[in-house]
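As structure tokens, the next two blocks hold two forms of the same chain, structure 1 and structure 2.
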Structure 1
């Protein structure tokens, strides 16, 4: 059996094993590479950076545990950046499993590192509402029609930062962390595009599957986008540089999760490139052999 025929008959489980090892070994040894930022992640960073302390921002965490690996690092970085800027944060989600993602982010960032922030005055969790894009359409005109209580069941009129909030048009920025439908596309379609007050006031972080579908909205309808774990790593690097490195303090490991996950990414991508080249070599070898035989 020739080399090309052997490659052709290779059990695909060897490739699974190779891919597993290419991810597992860098995870075990903590392999990490430096990250340089792209224009899109810089734009995300700048849009939050330009806000003033006390400005209201809406963070919609439209994802669930299956996409946590990709989206949790960017959600953490967004929340941390907003806390560092002393913004007033309104959390919400259009995904049924989203409330847990919000609670995790609040515990990981606000409760541990920003204990001075008070619930109801500096941040509030509006929780989950079903209705997909219908929820967005309602809250751009009347938030209290849908949100009579927050995620804890407290009457929304008893929460100081919600008392005068009638709709989300007053938000200085919408930050969406999106894993699919409903997500960034719906926020663009029903909030940032049709509502004059929200134009150019949206940034999104999304999964790799979604990223290619969101590029057509850049830059007019979506000024800033973090695409998959790479975008998250770039944004993390920018936030860490500004709020840790420039101040001469070390960055906690939890704020470097995306950077850490880029190590396995790079090794796995190298393996994929090698496999694609190998597959093509086998294909052309077999074709030339068949041609010679004919």
Structure 2
């Protein structure tokens, strides 16, 4: 039996086993690869890096638990970067399950690693409001029409960092982590594009399937974008280099989650590419033999 015939007769269970091992081994051994950043992830990093301490930023976490695998690492990295820059963070979400994502990020990053930050003075959770893009259309002109209290039920006028906040035009940057509708597309169409004060003041992170829908907005309407776990890993590498490696301190595991998840994904992709090449080689070898025999 020739090489090509053996490949064509290969029991597909061997392929399933190889794929399982290609994922399991990097997970078991914590295999990571160095990430080289793309222009879009660098732009996300630079736009936050250029802000000054005390600048207000809006972080909209428009995703839910089914998308945590792709989006939680980038949400963690965004929040950490804003904390390192000492920015004033306003959290909100347009998704009913989004408040839990906000609470998780606050607990994971701010409460544990930035205990000096004070709720109401350095960060605030405005919570969830129903209404999809209608919420965005309202808060660009009058935030307190919808948000009379924060997520804890505290009167918004009693929260120091919200007393003089009338709308979101004063935000220096909108950071959106999006799993679909409503999400990055709506923030671009109804906030950063029509409102002069918010033009080019938005970066986003999204799932892999959503990224292609956002490419038409790059770069005029969306300067920076993190696409799925790959984009998150690139951004993580930039933040970790600036705030850990350059200062000679180790990076906690929770800030390397996207880099860790890229290990098995990269090996699995390499295996798929190898299998595709082998399949094509077998096909053309067999066709060549049939042609020679004829």
Partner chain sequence: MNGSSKFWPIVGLLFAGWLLYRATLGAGTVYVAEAPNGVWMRAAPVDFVAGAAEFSPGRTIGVWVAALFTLCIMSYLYRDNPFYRFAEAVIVGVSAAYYMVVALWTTLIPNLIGKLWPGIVQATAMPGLSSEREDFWWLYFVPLVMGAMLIWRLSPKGAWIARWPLAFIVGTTAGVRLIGYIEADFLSQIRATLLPLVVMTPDASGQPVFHLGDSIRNALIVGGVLSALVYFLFSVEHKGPIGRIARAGTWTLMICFGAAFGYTVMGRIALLAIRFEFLFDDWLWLIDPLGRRTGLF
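Note that the structure is a prediction, hence the values are computed from the model and not measured. We call the rigid core the largest set of C-alpha positions that still match within 1.5 Å between the two forms. Numbering follows the first chain given and starts at 1.
Matching the description of the form predicted together with the partner chain is structure 1; structure 2 comes from elsewhere. The chain behaves as two rigid parts between the two structures, and the smaller of them turns through 22 degrees against the larger. Superposed on the core, the two forms differ at residue 16, whose C-alpha moves 5.4 Å between the two structures. Structural comparison between the two structures after rigid-core fitting shows the C-alpha of residue 274 displaced 3.1 Å.
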